[in-house]
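Only one chain is given next, in C-alpha cells, and it is the form predicted alone.
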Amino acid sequence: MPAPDLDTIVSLAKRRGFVFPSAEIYGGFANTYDYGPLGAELKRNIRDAWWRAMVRERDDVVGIDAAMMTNPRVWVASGHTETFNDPLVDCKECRQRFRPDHIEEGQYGEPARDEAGNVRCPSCGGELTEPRLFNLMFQTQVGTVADEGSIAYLPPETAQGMFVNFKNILETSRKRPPFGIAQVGKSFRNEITPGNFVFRTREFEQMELEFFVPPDDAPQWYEYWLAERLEWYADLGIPGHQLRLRAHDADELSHYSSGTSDVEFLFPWGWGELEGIANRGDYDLRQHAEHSGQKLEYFDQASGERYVPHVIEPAAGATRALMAFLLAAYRTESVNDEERTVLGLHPRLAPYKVAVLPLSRKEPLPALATEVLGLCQPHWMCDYDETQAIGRRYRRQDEIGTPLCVTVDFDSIDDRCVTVRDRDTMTQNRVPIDALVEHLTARLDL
C-alpha cells in the first residue's frame, strides 16, 4: 500500500492519544506538542531501545545525565554564543518571520514572486526584509537580579555536557579510547518551524553519543557508526526503501568536520534527517581546554603517547524517530470486506505489548481476566479493555500497535486456557494460563 499522508498520521496520533497540540484548550502554542499516554510510552520505548543498543549492550560506552542549565562559558567555548545563528526575513505587511531557505525549498508551498522575481511573503504575499542573523538559543536569567552576570541559556544540544565531563568520565569509569559517552535529553532552539507535525519543533529530545577515538582511527570509526546507526532503524522495522545515508557536500560541512552523513527517512514531503553522524575531529575538546584552562587529553601509558582524542558523534532525534516509526508502521488492509488499520510497530516500540480482553463484562470473566492481567503486568506494559464487541476491541488494539491480545472467554473458567491473537497475522492460539507468560515471552522476542 502507498505510504500514509501526513494528515492521516496526525489524525491517528490525536485520536488515539499519541500526540496532542500543546495547551489546546487555550488555542495551542505554535509548533509545540504534548505526548499522550501512548505517545509517552512510544517515546520512552524509543529512548530505551537506543540506550539498550548504545550503552547496555556495549562495554565501550557509558551514560551520563548532565544538567540542562550550565555555566554560560560552555556556550562561548562551543561557539554557540557567537555563531549559532539563522538568517531570517520579516514580512513588512503581516510581520511574520521566515527562514529564506525554507521559502525557497517550498516548505510553505510554491514560492510567490513579484515581477522582478523577488520572493514574497508565503503567508500574505507582502514584501520581505533583507535577511538578518538571529541567535537560536533561548536566553534566561539565573538568580533574582536580571543583569549581564545572570544570563544563562537553555541547551541547544546535549553534546556539550559530555565534552565538559570528558575528564571526569575518563578518571572515574576507567575507560580508554576508543570509548563513548551517551546521553538522552531535551534541547531547545528558537528557530522558525514550518510545521510538518513534530518533525521540527523548538523543544525536542535528542539521543547523542560522543565516541572518543585515537586520531588515526577516526575515519574507520566514522564508517563503523554510519553502518551501525542505519542498521538500528532497520532492525526496529523501518523498510530499507524508506531509509538512506546521505553524505554532506563540502559546502554543508561544519568547519571542524572532516565528514558528516545523515540517516534520512522518506517522509510524505520527501527525504528528511533522522540522525546526523559527524567526524568532529578534536575541535570540541580543544575548545573547552582553551577556555577552561584544563587539559582534556589522554595519556597512553603503554606507548607513552599523549593526545587529544577525536570524536565521532551520532546524534539522533527521538521525536523525529517517533514520527518515522509511526509512518513506517502504518497500513490499512481489507478483512472480510471491512478495512482494518494496523500499526505494525516492532514489539520493543509498541506502547502496549499485551492487551487483556474479557469476552464479557459478566462475572466471573472480569475476575479471571484481572488475574491474567496480574500475571502479565510485571513483565510488559499492558492494556485492559472490557467494553464493546470483541471484534471492535481487536481493531482498536491493531490501530494502536499492540502485538498480542489475550482473550478470556467462558471456556477459560473450565479449562484455564486463554486465546492469544496476533496483531499482524490475526491467527489465534489456545494457551494454558499457567504457560501464558512463557508463551508471550517467546512471541514478543524482547
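Bear in mind the structure is a predicted one, so any value in this text is a computation, not a measurement. Each residue number is its position in the shown sequence, starting from 1.
The form predicted in complex with ligand GAP is left out here; the points below concern that form.
K.L.:
Taking ligand GAP as it sits in the predicted complex, is P72 near enough to touch it, meaning that at least one heavy atom pair lies within 4.5 angstroms?
P.N.:
Contact with ligand GAP, no.
K.L.:
Should V198 be classed as touching ligand GAP in the predicted complex when contacts are defined as heavy atoms within 4.5 Å?
P.N.:
Heavy-atom contact with ligand GAP at 4.5 Å: present for V198.
K.L.:
Taking 4.5 angstroms as the cut-off for heavy atoms, does L359 touch ligand GAP in the predicted complex?
P.N.:
No, L359 sits far enough from ligand GAP in the predicted complex that none of its heavy atoms falls within 4.5 Å.
K.L.:
Does ligand GAP get within 4.5 angstroms of any non-hydrogen atom of M323 in the predicted complex?
P.N.:
Residue-level check for M323: no, no contact with ligand GAP.
K.L.:
So which of L274, A182, L128, A218 reaches within 4.5 angstroms of ligand GAP in the predicted complex, heavy atom to heavy atom?
P.N.:
Filtering the options by heavy-atom distance leaves L274.
K.L.:
Find the only residue in A316, V213, L230, L236 having a heavy atom within 4.5 Å of ligand GAP in the predicted complex.
P.N.:
The residue in contact is A316.
K.L.:
So which of 104 to 112, 307 to 315, 220 to 228, 369 to 377 is the stretch with heavy atoms within 4.5 Å of ligand GAP in the predicted complex?
P.N.:
Correct option: 307 to 315.
K.L.:
Sequence order please: the residues of 165 to 190 with a heavy atom within 4.5 Å of ligand GAP in the predicted complex.
P.N.:
Only a single residue, R189, comes within 4.5 Å of the partner.
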